[in-house]
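Presented below, as structure tokens, is a lone chain in the form predicted alone.
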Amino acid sequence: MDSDYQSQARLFKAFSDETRLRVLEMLRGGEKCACKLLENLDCGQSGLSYHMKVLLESGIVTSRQEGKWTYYRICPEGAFAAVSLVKQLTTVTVDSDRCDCCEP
């Protein structure tokens, strides 16, 4: 169960940074080379590498190597899992274990 929470936390970490949100917005247009991402971000190579590591670990983004360049794209399965998790965590369920202090 703890590994589920760790996985969920990695997913939310991916969405919790402005630079990573910018990367995701760029990737909505399709696969991009790291060099193209760098052109549009205010960070260096090491900064981009860190952000891409977080996105890859979350499962939202996947990558492939071509020569010396890395290409990134949004992973459809990861995106589906993210949407499903948010729906799951924000869907109200009937709680039969409510305490007396919560009763109206």
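This is a predicted model, so every value here is computed, not measured. Residue positions are given as counts along the sequence shown, with the first one as 1.
Quick note: we don't show the form predicted together with the DNA, though the next part is all about it.
- prompt: Should residue 17 be classed as touching the DNA in the predicted complex when contacts are defined as heavy atoms within 4.5 Å?
  reply: Heavy-atom contact with the DNA at 4.5 Å: present for residue 17.
- prompt: Is residue 79 one of the residues lying within 4.5 Å of the DNA in the predicted complex, judged by heavy atom distances?
  reply: No - in the predicted complex, heavy atoms of residue 79 and the DNA never come within 4.5 Å of each other.
field: 4.5 angstroms heavy atom contact with the DNA in the predicted complex for residue 13
entry: Because a heavy atom of residue 13 falls inside 4.5 Å of the DNA in the predicted complex, the answer is yes.
query: Does the 4.5 Å heavy atom contact test between residue 67 and the DNA in the predicted complex come out positive?
result: Looking in the predicted complex, residue contacts with the DNA include residue 67, since a heavy atom lies within 4.5 Å.
query: What residues, if any, in 47-78 have a non-hydrogen atom within 4.5 angstroms of the DNA in the predicted complex?
result: Stretch hits, in order: 47, 49, 50, 51, 53, 67, 68, 69, 70, 72.
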